[in-house]
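Shown below, as structure tokens, is a lone chain in the form predicted on its own; questions about how it binds or moves come after it.
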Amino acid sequence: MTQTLNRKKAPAIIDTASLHLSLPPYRHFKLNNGVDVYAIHGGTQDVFQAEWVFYAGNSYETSNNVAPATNNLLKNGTKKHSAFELNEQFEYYGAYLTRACYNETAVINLSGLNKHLESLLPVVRELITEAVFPEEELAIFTQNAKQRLLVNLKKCDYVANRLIDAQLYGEAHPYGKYSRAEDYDALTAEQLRQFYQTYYQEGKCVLFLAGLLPDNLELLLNNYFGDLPLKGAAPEKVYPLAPAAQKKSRIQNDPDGVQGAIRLARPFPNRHHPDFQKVQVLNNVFGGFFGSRLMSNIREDKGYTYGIYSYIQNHIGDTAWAISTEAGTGVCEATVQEVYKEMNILREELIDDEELQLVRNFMMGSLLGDLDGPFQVMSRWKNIILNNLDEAYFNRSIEVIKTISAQELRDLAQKYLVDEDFYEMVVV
């Protein structure tokens, strides 16, 4: 019998910091050609999500924008079908296929009804093996990308984002380089075909699948992808950092601008550093959620901005601790000073028990949300696997959230929240 919900009675409050959270396991197997597959069978709806992750991000390109252009045009024509015909096939089965290109990786993401999975796999295989990159499709891509760039360059937040990364890593580093119109004009279909052959047809690929998956999943994947000449390892790419000597920049991008984009950032170790997980807690106190110090002071008290956040950049290699907001032009400098003021307080004073418990609850609640369903669980696993970590990393993060002390957080603030270490960028 279904119990009627009494809406006049508030539900019991659960202390999320007391919850025992664990990451549900995945199934791992290799295809005949050595490609790793990670799968989670679960959920209540007849749907699946599959992601082919290639080591084909902009870290591997030799000319700007070759990697994202190749990824974008995978679906714009093969030896057998035009872009229109390929789109019709996915639409016929009610499936949704997207592509995305990041610093190290590029992905093909497919979601749909699980009863159509076997019909859709050969179409994805066709994209991986027979894409042709027609000249006319490249011309359309170039025209649209340049138009989008022209519009974005008028936005102070877009300009600030690309310049602060260039200052942190250097323009020649994959994390710091940015697009120019002439980069798009220089793209050729032959460049894309060569990149495609090296990093898609014969590159390293990892598959992640989640949802109500069929019993014969391994057989299906082997039938369509187990014979491809994919490799088990990606080529090593090492890029030296070339940070800017000048740490404070003020840029007038729009003479009529009424709002400025503020970015502060400092270099920071990646996930393998022992301080990384502890600093995630400190970051939440500082500016990681709506109840943070930065939000309480600069939005709620001063009214300088609609929102201000701090975060650790999601990079696999070198990374950074950053603060991001937009504020009225008249209060940009005051906002920067208030950020430094909050850093100073964290360096000087211990966080009280009530605030620390609030942050523990927020972080545990966020983790709980990330474990709600097979797609979310696989997304968490994918992040761990692609960063060469394991389940112990997830368990350690929970232990840190539950046990880190106010003294440890103050020590970390004294180590990392140092004014002189931060690059400043204000773009109006």
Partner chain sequence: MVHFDRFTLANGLRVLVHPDLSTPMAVVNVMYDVGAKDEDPAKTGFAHLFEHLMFGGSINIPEYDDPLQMAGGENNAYTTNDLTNYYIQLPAENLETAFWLESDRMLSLAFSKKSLEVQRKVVSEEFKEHYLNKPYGDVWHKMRELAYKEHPYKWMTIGRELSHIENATLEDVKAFFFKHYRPINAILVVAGNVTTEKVKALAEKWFGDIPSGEKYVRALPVEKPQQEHRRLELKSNVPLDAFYRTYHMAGRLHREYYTADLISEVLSGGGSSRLFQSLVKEKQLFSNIDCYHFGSVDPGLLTISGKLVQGVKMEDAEKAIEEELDKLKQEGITEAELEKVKNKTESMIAFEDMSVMNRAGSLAFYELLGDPNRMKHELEHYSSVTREEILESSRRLFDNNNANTIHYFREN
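Remember, it's a predicted structure, so these values are computed and weren't measured experimentally. Residue numbers count along the first chain shown, from 1. Between two forms, the rigid core is defined as the largest C-alpha subset superposing within 1.5 Å.
The following text describes the form predicted in complex with its partner chain, which does not appear among the structures shown.
Contact annotation: of the candidates R162, R299, H173, K278, the single residue with a non-hydrogen atom within 4.5 angstroms of its partner chain in the predicted complex is R299.
With the partner omitted from this view, the residue of E130, E202, D227, D157 that lies near its partner chain in the predicted complex is D157 [heavy atom within 4.5 Å]. Interface membership of W52, defined by any non-hydrogen atom within 4.5 Å of its partner chain in the predicted complex, is ruled out. Proximity of N32 to its partner chain in the predicted complex: non-hydrogen atoms within 4.5 Å are absent; the residue sits far from the partner. Shown alone here, A186 lies farther than 4.5 Å from its partner chain in the predicted complex, counting heavy atoms only. Proximity of P274 to its partner chain in the predicted complex: non-hydrogen atoms within 4.5 Å are absent; the residue sits far from the partner. With the partner omitted here, the stretch from 313-321, 78-86, 178-186, 234-242 that lies within 4.5 Å of its partner chain by heavy atoms in the predicted complex is 78-86. Along 136-160, these residues reach a heavy atom to within 4.5 Å of its partner chain in the predicted complex: E137, I140, Q143, N144, Q147, L150, V151, K154, K155, C156, D157. After superposition on the rigid core, the Cα of P11 moves by 2 Å or more between the shown form and the other one.
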